[in-house]
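Next up: a single chain in structure tokens, the form predicted alone.
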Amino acid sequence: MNEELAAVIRKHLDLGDFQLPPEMLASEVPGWDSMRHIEILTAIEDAFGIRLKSIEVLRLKNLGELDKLVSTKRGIK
């Protein structure tokens, strides 16, 4: 997982150096619940200057797929 993205998630959830492997589900990340979900996605959008569509987010299965989506939106292959 891209360290910049992991840093945004860790900072928003106050996770210190908690590891975020690509196969991890959002529901497995401490503090990432349905109430915080939109806040986290908004923080990611703001940090990277991108916009995530609802349908794109709904299709994501794990953090690795979120990482790929963010990279694609940023124009990084």
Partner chain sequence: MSDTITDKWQALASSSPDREAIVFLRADGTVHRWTWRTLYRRAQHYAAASAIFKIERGDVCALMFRHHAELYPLYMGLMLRGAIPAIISYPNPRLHQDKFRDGLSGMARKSGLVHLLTDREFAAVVTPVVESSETTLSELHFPLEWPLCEPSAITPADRESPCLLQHSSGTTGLQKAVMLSHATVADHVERYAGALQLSPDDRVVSWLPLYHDMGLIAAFHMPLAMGVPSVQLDPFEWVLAPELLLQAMHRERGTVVFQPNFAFSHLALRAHDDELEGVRLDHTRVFVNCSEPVRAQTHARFLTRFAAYGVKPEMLSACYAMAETTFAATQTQPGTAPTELRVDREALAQGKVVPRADDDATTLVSSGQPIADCTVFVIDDEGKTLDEGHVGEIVVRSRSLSLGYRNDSERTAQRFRSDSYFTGDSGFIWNKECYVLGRKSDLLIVAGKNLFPEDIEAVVSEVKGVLPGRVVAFGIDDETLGTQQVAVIAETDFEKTDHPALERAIKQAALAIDVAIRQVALAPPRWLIKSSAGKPSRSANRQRIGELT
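All values reported here derive from a predicted model rather than from experimental measurement. Residue numbers count along the first chain shown, from 1.
Same protein, other form: the form predicted in complex with its partner chain, not shown, and the subject of what follows.
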Can you check whether Lys11 is within 4.5 Å of its partner chain in the model of the complex, heavy atom basis?
-> no
Using the partner position in the model of the complex, report whether Gly49 sits within 4.5 Å of its partner chain, counting heavy atoms only.
-> no
With heavy atoms only and a cut-off of 4.5 Å, decide whether Leu15 touches its partner chain in the model of the complex.
-> yes
Within a 4.5 Å heavy atom cut-off, is Ile44 in contact with its partner chain in the model of the complex?
-> no
For the stretch 5 to 41, which residues lie within 4.5 Å of its partner chain in the model of the complex by non-hydrogen atom distance?
-> Leu13, Asp14, Leu15, Gly16, Asp17, Phe18, Leu25, Ser27, Glu28, Val29, Pro30, Gly31, Trp32, Asp33, Ser34, Met35, Arg36, His37, Ile38, Glu39
